[in-house]
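Take a look at this one chain, the form predicted on its own, written out in C-alpha cells.
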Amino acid sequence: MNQFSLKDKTILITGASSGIGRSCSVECSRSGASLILVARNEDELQKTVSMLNPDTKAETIIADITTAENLEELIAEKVAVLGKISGFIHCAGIEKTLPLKKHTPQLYNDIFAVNVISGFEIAKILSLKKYKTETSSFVFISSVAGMVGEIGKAAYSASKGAVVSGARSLAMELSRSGIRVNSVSPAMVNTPILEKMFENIGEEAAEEILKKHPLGIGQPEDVANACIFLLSDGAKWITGSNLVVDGGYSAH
C-alpha cells in the first residue's frame, strides 16, 4: 500500500485558480484525490479543472472567501456530492511589497483577511464532525517571509508569521478531533506573481534574489509535493510543524 497516495481522500483547496493553488490541485489529482476547488476567478478555475487527471472527481466553489457569508453552505453542498473532507490546503494569498511609509491599516487588513483569517475560518468549518473524515490533515501555505526579514514586506511577513504560529495552536487544539495541522513555507516560486515582480524590480535586483536560492527558484509543484506528503498517511505523526521548502534560501 502506498502511504503517500491520496486515493479515496477528498481535499479542499483555496486559491486554486493560479500559482501554487493550481499546482496543488493538479498534483493532488495525480495522487488520486477528489477535489473541492475554491477561487474567485471562474475562468481561471475552469482552466485548473481542465488540467486535472481526466478521471478526477472535482467540484468548484466560486467565492470571495473573505466575504462569503454562506461559505459553510457552499462547502456542505460539495461534501454531499463528494463525501467528507480529509484534507485542506489554504493557498489563497496576496502579496504586496511596499515601503513602510506606504503601509496603511487597510493594507494590513486586506492581507490578513486573505492570508490568515479566511484560512482559519475554513478550518473552523472543516473541523466539524459533519464535514470531516475520522482523521484529516490541514496545510496552510506560509512563506519564508514569515521567518526571515524582507524589506518592504512588513504586512505580508506579519501575515505569514501569523499563519505559522496560528497553525501550531490549531494543531494543539484539533489533535483531539483527529486533525493534523501544519504549514509549508516556500521561498520564491516560479508563478505569475514572481514574473510580475521581476518585471518591476529590474535585472540587477532579480539577479540578487536568484543568488539567495542555492538550488535556484522553485517550481509550484515543489511546494505541492510537500503538501501532498503532509496530507498523506505517510505524515500521520506530523503536526504543528512548519515545513520549509525554499531551495536553501533560509540557510543563509
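Please read these numbers as outputs of a predicted model, since none were measured by experiment. Each residue number is its position in the shown sequence, starting from 1.
Beyond what is shown, the protein has a form predicted in complex with a small molecule; the following relates to that form.
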Heavy atom within 4.5 Å of the small molecule in the predicted bound form, from candidates 191, 60, 31, 34, belongs to 191
Note which of 74, 114, 85, 158 lies within 4.5 Å of the small molecule in the predicted bound form, where distance is taken over heavy atoms; exactly one does.
114
In the predicted bound form, which of 99 to 107, 169 to 177, 77 to 85, 135 to 143 comes within 4.5 Å of the small molecule (heavy atoms)?
135 to 143
Using 4.5 Å between non-hydrogen atoms, is residue 39 touching the small molecule in the predicted bound form?
yes
How about residue 17 - does it come within 4.5 Å of the small molecule in the predicted bound form, if we only consider non-hydrogen atoms?
yes
Is residue 56 close enough to the small molecule in the predicted bound form to count, meaning some heavy atom within 4.5 Å?
no
Applying a 4.5 Å heavy atom distance criterion, does residue 226 contact the small molecule in the predicted bound form?
no
